[in-house]
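Only one chain is given next, in structure tokens, and it is the form predicted alone.
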Amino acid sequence: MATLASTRPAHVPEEHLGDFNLMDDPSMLPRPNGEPHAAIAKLLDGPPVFYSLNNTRNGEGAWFVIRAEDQRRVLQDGETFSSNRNIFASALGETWPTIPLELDPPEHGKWRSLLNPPLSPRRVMNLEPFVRQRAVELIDEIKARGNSCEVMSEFAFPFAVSIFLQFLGIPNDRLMEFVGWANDLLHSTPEARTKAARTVIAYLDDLQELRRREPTDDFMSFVTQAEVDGRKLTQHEVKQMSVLLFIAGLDTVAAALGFDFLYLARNLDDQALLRAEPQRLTLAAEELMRAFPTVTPVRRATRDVELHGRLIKAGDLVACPSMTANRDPAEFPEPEKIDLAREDNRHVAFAYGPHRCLGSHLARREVVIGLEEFLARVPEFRIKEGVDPIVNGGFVFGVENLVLTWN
């Protein structure tokens, strides 16, 4: 449910307001063919920049930048549009940034360089056998239970979370605990969010202490042994990094898989094509990321700046929904058409600029392997009759109640 709307700031003329609220339940939006991504893409028919009230958890308004070219300008300019928003820390009543996501250039650069090796394509390739094994195990468990599943809770989330646990160096028997913490952090009440945040911090602090004494071959060991500016990282800096990995590794990959399953369950010809020609999956996954992105990057202006005649004041929030950039006709021919053979796909599911997603290599492989193994092992699936999937809006889109069935 949306929180109480903010009042219109004095520097925002009424004609610059937009009739759009990202934090509303998507059921309140017009949804052509039940697709909120397509509904939000209709914003491309309106003004390129507008102000919308009540678009954050605390009811603060934000400027929405609609076109891909303008989003590039915002997301590439870390000096004018800051990423330092302390989102996770705010749940604790504290003010510290996750590293490197909420650091601005030039400080951001050295931390990002530090994290490139453990998230490199080579490292992802080494992790791939585990990713594939985990997908197969979950699918076999699903099939053993019958010919139907709620694919988010039974596959997408356990799959994504188990990869995160392996990467961070946490035993897989904690899987469902982490799934619950992630759900409370992202989709629950402020009280449950704060409780989950404190639980996560306590666990990661304990894991950090253990890995400082007993390092192994995992991410937590890497950051506890790493150096920056010729020194070891502090306990607080390690916490700031590991918290980011916790947040980024959970919801987004599962949400992406959810939208992919939703599309394929509704489009059986494309499902059949990918079954018959699985070599198409890598290209197809990029197109599905373009069509169904999940994230809206948000920045805060550090100085007054004008964009398309709109005065954005220092302190204003600026939102760049990937849902509109990825369907911008100036960027993509026939943007509303989902073409699984689309090439030169310059989508922004992983954002633009210096803060482009560090984990994109791993996320891509998770999505491709998850789809590949599911299509190889589960017969033609559809949405179970009488069940309506629920699409969640907000700054991370997601799917719930996605019940698939097959013969």
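Residue numbers run from 1 along the displayed sequence. Just so we're clear, the structure is a prediction, and the values are computed from it rather than from any experiment.
From this point on, the text means the form predicted in complex with protoporphyrin IX containing FE, which you will not see here.
Peer 1: With the cut-off set at 4.5 Å between non-hydrogen atoms, does Lys42 touch protoporphyrin IX containing FE in the predicted bound form?
Peer 2: No, Lys42 is distant from the partner.
Peer 1: Residue-level question: is Arg112 within 4.5 Å of protoporphyrin IX containing FE in the predicted bound form, judged on heavy atoms?
Peer 2: Yes, contact at 4.5 Å.
Peer 1: How about Leu375: is it within 4.5 Å of protoporphyrin IX containing FE in the predicted bound form, going by heavy atoms?
Peer 2: No - in the predicted bound form, heavy atoms of Leu375 and protoporphyrin IX containing FE never come within 4.5 Å of each other.
Peer 1: If you check in the predicted bound form, is Met289 within 4.5 Å of protoporphyrin IX containing FE, heavy atoms only?
Peer 2: Contact with protoporphyrin IX containing FE, yes.
Peer 1: Exactly one residue in Leu340, Val368, Val49, Ala351 has a non-hydrogen atom within 4.5 Å of protoporphyrin IX containing FE in the predicted bound form; which is it?
Peer 2: Among Leu340, Val368, Val49, Ala351, a heavy atom within 4.5 Å of protoporphyrin IX containing FE in the predicted bound form occurs only for Ala351.
Peer 1: Which pick from Ser162, Thr252, Gln71, Thr324 sits with a heavy atom within 4.5 Å of protoporphyrin IX containing FE in the predicted bound form?
Peer 2: The residue from Ser162, Thr252, Gln71, Thr324 that makes the contact is Thr252.
Peer 1: Quick one: find which of 147 to 155, 263 to 271, 290 to 298, 221 to 229 has residues within 4.5 Å of protoporphyrin IX containing FE in the predicted bound form by heavy atom distance.
Peer 2: Contact-bearing stretch, as computed: 290 to 298.
Peer 1: Contact check in the predicted bound form: Pro100, Leu119 and Leu358 versus protoporphyrin IX containing FE, with a cutoff of 4.5 Å between any heavy atoms. Do all three pass?
Peer 2: Each of the three qualifies.
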